[in-house]
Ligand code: ADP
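Starting off, we have a lone chain in the form predicted on its own, written out as structure tokens.
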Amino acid sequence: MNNPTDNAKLTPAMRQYQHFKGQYPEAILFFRMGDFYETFYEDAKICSQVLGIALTSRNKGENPIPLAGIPYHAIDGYLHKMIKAGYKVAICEQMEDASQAKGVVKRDVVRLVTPGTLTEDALLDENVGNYLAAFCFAGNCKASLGSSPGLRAGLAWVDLSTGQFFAQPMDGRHLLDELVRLTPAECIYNEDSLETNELFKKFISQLKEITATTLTPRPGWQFDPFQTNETVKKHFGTASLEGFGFEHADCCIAAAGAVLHYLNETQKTALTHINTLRKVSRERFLQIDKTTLRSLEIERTIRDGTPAGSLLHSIDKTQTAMGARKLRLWVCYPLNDMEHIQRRQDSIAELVQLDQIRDKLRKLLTNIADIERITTRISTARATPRDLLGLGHTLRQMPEIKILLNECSTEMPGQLAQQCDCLEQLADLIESAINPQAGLSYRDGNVIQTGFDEEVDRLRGICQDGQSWLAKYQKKLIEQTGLNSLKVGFNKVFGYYVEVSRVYKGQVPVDFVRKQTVKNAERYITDELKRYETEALNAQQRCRELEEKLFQDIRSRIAAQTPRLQQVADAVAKIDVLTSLAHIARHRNYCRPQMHLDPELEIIEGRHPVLDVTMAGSPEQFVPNDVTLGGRTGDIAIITGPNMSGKSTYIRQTALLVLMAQMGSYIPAQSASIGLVDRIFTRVGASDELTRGQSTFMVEMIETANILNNATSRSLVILDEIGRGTSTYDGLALAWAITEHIAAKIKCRTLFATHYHEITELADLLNNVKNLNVAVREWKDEVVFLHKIIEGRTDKSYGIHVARLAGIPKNVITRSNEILEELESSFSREAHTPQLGGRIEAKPSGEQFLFDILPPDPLLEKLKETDLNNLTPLQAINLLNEIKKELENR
């Protein structure tokens, strides 16, 4: 229990606390008391530990109540720590001035802060969208989640900090991949499904293991198809959802309705900035599953899980937070639409050539604030004066950005120029109304610019010029009375007064009212001084109240322009991404890939987009390589070569270049011609998933099965060392059969790096398979890896040489060489069959399989003809001896 104390013994304020804590038992309650947010009981203990603040107690005596508090003005920093630690926080504010309250101060919970509902800059990563997602399955989920085709699922997600709202219907098999690609901060789901369906429990368990998202269960009725459909229509004020592209109440609408219900429950404010729902179609984008996202290190590296060293980090030269978030979406959601890809390419091509325009745009973008998130804070009444100042300064940049864009001739810059609404009147309002030196909070005063409001100026003058007024008034009284010793003063007990020496008591005007007698003097008050006293003592409070009212009015006027501001923000983000990609294309010598619909791929002198940057300027420069796949060049390339020679880099590089091309970006290569790819599959690396009881080999086979079951002729498949997680012969057999299946059945562009040199014989058997290897130069006892991919096969792995480079002791290396020589000679003596397919000519049909090409063995035939069930023990022993002698004679 968080409230163990007898309620009857509590103060009114503590009973009020208990009331709100009972409404939000799952959250830490920040309870406003004056200048502090206080926490009590278990909440206080948690906050003390997480925030590193002192734990004290209230009601020191028999039943002390644990207490920990934070200053109200520093709440953002503490909220960030609480959310990062995995807690939700309910903020309970004072709803009236404590000095005017009758009895206990009125309070209410104004917001529930959760990982997916953040809007403040201090709580967010400016370069990454902060998504709240909801998902559900159609029907009662009786089918096998994640594996059965046809099970419909719905996914909806919103970035509350920007107002972007999406919904996507899909096959349930793809839901986990989409959630991993989206990386939501928080996911809500139907808790009834979790209680009644074991398969749903398994799905939730997988989601917990694979992502870092906060999972929040919600009541089942909040996913009811009828209720959610009505919720979405009510939010947008529409009679149907057909205008958003939803003809039927798909289960993704159920997810969208659940999102809106959760936001209404937690935010307790208008959500007018969420003004549209966009339907997402998987077919429009190049598909990247969770394995590929990780294996290609698109957002984070495998080794330490940090952005540095990832593709996104390497190509992000954006100047604004909005641009950085937009670039991430382009990287994680490459296009599968030729027309849209070419529109982006055309824009980048022009900006590559127009150095001055591109550089001027990038310089202007450095002065752009985060309009998306500022607009949301304005719309939700959470904006600060500095937010408004940042918005005003940003709007002043738009006319020049618009002019520069209009100097371009391609389609996208022209469209973006039209989106760049300058909103001059809004900029004028902000500049005239908001003080450039305003603080973080409008409640601190000094927010309104001098000259904007006469009453504010007058009240501020009273506060600032009190001594000057008093001096003038004193001079005026001396002139009227002729009493040169008269003084006007102030003390906290009696307030303002006029002090006259007792010597002149008889000369005091009749309208002076005696207030106090002191030694040798009398103190008086006048009507004018009394009026000034009343005004002066209340001026500061009245000034702050008026400034607060004016600020809120200005904020409301800006909020009315939310759709226009969101349009500007979207334009600025796209301009930033296009100029960023053009900048790196220009300075890193990238080329424009030629895109087409043929299932072919040709990249000349391609470079890895990350290593090309990290190795620049180092003694060992990155070695470019060509790749040709599809058509007459063959669908599958089997790549052999030593460890550390660059095979894995080569195949990953190819996948990353295709991904960049379908973003619409230029790529690091001399030239490229790329046929559109529908999906990129990877089977790279060998990380055990012990938490799920799956070995390296099981994970490898699951990922490979996914490829074989879902790849199409338009896919790109990247395989690295298939079969190495099991015994040599099992692994070889699997690798051979998998390669055959891809070549004969799927016929998609495939790069397969392997140490099974026997598989290279498939190039002799199948006309769409070819061999590549990594060039090596041997000199004396040294081996030099040239990192150059050439045609042909290799028959050596140089594993012992790599072990020596890794620091294996010299005696171990020497012994390894002795064992290797013995194994090679033994294998040569005992081998009784030619290499796989070595004597078989390639079949033009491409249907030659591994066990078709093994010649019949006499001993196997003899065993087949033997009736083992009718052999006596003696006959069995004799048969074994015969087989043994025959083997020894071979």
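Sequential numbering from 1, following the sequence displayed. On a predicted model such as this, the values are computed, not experimentally measured, just so you know.
This next part talks about the form predicted together with adenosine-5'-diphosphate, which is not shown.
Engineer: At 4.5 Å between heavy atoms, only one of the stretches 622-630, 763-771, 476-484, 573-581 reaches adenosine-5'-diphosphate in the predicted complex; which one is it?
Structural biologist: Going through the listed ranges, the match is 622-630.
Engineer: Heavy atom within 4.5 Å of adenosine-5'-diphosphate in the predicted complex: which of G154, P593, G646, G723?
Structural biologist: The residue in contact is G646.
Engineer: Quick check on this chain: which one of P642, G675, G495, G461 has a heavy atom within 4.5 Å of adenosine-5'-diphosphate in the predicted complex?
Structural biologist: Looking at P642, G675, G495, G461 one by one, just P642 meets the 4.5 Å heavy-atom criterion.
Engineer: Any of the heavy atoms of H787 lying within 4.5 Å of adenosine-5'-diphosphate in the predicted complex?
Structural biologist: Although adenosine-5'-diphosphate is absent here, H787 would touch it in the predicted complex, with heavy atoms inside 4.5 Å.
Engineer: Looking at the partner-bound form in the predicted complex, is C422 within 4.5 Å of adenosine-5'-diphosphate by any heavy atom?
Structural biologist: No, C422 is distant from the partner.
Engineer: Does adenosine-5'-diphosphate come within 4.5 Å of any heavy atom of M615 in the predicted complex?
Structural biologist: Yes, M615 sits close enough to adenosine-5'-diphosphate in the predicted complex that at least one of its heavy atoms falls within 4.5 Å.
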